[in-house]
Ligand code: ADP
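Given next, in structure tokens, is a single chain: the form predicted on its own.
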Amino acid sequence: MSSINRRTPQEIWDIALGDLQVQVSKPNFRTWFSKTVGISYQDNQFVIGVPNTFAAEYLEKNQRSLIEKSLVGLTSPQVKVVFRVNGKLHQPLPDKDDTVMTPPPPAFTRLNPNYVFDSFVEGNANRLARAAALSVAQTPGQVYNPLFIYGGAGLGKTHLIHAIGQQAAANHFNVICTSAEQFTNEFVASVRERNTEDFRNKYRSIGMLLIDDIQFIGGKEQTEESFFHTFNELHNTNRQIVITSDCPPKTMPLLEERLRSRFEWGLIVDIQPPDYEMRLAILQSKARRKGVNVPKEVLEYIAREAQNNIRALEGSLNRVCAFAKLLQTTPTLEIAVKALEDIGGKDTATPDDVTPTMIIEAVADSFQLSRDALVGRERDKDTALARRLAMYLIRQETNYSLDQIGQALGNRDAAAVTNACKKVGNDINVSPFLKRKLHDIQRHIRPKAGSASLA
């Protein structure tokens, strides 16, 4: 006993860590124990320093008995463990019957307060996705990990991941909700500023990661590498990961196979465009939340006219309400027709309005490439795919000949253009990603062309 008394708390803890290291998995040990320290031992209370609140909560809930068992032989049979975060003792969460409420730990990103499950309109197009999202929100890390949600723009993917985050944060989970673009920007900044350790700690010490538009990291090797290790760290310790994309993993052409396979470990669900009944229900819900009295015939007209996605629906509803407000009257069918007529007039473009330059710029923007790369000699997968799409779209949207298309894209011959158009024409029949990419670029081009023709 005298030899025990001569040991410092850190020495006691180092011995205990050696015992714990063989009792838990390597990822578990690295995540939860590697940055802990022995602070003090007095009156049968052993204080352990941990790097953050989430680590304290996890160890308190899942590893306390194992830690105390490892310390018994080194201290006393009555030893009790407490955790200290940033100089303060961590207070365990109260039991459900306790009336004292503990505020949730702060999230690293702001969650949209309007995006909750109650405001998400359910229908045939999204029923499975909503049920899966609600399940992971209620039992994070225990079912469907990762949850992968895919679908076109404006169908509710972002709404669902924010709803998951709201519920998890209310249940004391530390949540990061971000986009793949933001993750990439933070990673690049951390490399540039030489603080990659802070970046790793931020993303690997959380309870839940919600990441939107994962397709953005495709082809960015260092970002993919970083996300791969982040994914492994979180998944190996049963922390929930939710991912959204505009296409399923198997049709993401620039994604590494090892990431693609991990995205397929859990549950993959899609969201389809809403049918007429669902569009009408969404409009009724949004009008009710805005506190605007919109006649049913007006909502029915909007539901028939705006069919692409939920954002288009809301935009059309907002436009009709704005017209009515300007005229100081309630929305009517006549006002709705006038408001949406103006939108429709701007969305049409003839082949003479669309130019190869417009298409090349739109494709380059869509793939985050420069115009010079698209018309140049680079042959990496991302650039080659973008170049083929540009050829195909110029062929579809303009009256340019094969030779003229080849000249516009770096003086390529007509045979190369023909082959590119044939390949894209075949691929869009089997690739939802490619079909959606083409559709999004076309929608981007046509309004531009319409406004250009009016200039």
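Predicted model, so just to flag it, every value in this text is computed and none were measured. Just count from 1 along the sequence shown to find any residue number.
Omitted here: the form predicted together with the named molecule. The next part is about that form.
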Task: in the model of the complex, the residue from 141, 295, 154, 356 that sits within 4.5 Å of the named molecule by heavy atoms - done: 154
Task: Position in contact with the named molecule when the complex is considered in the model of the complex, options 314, 382, 233, 275, heavy atoms within 4.5 Å - done: 314
Task: Non-hydrogen atom contact residue 159 with the named molecule in the model of the complex at 4.5 angstroms - done: yes
- [ ] Examine residue 119 and determine whether its closest non-hydrogen atom to the named molecule in the model of the complex is within 4.5 angstroms.
- [x] yes
- [ ] With heavy atoms only and a cut-off of 4.5 Å, decide whether residue 132 touches the named molecule in the model of the complex.
- [x] no
Task: Non-hydrogen atom contact residue 239 with the named molecule in the model of the complex at 4.5 angstroms - done: no
Open item on the list: Please pick out the stretch from 170 to 178, 277 to 285, 327 to 335, 220 to 228 that is in contact with the named molecule in the model of the complex, where contact means heavy atoms within 4.5 Å.
Closed with: 277 to 285
Open item on the list: With the named molecule taken in the model of the complex, which residues across 126 to 149 come within 4.5 angstroms through any non-hydrogen atom?
Closed with: 126
Task: Direction of C-alpha distance change in the model of the complex, residue 178 to residue 54 (at least 3 Å) - done: closer
Task: Pair residue 162/residue 54, Cα separation in the model of the complex versus the displayed form, closer or farther by 3 angstroms or more - done: closer
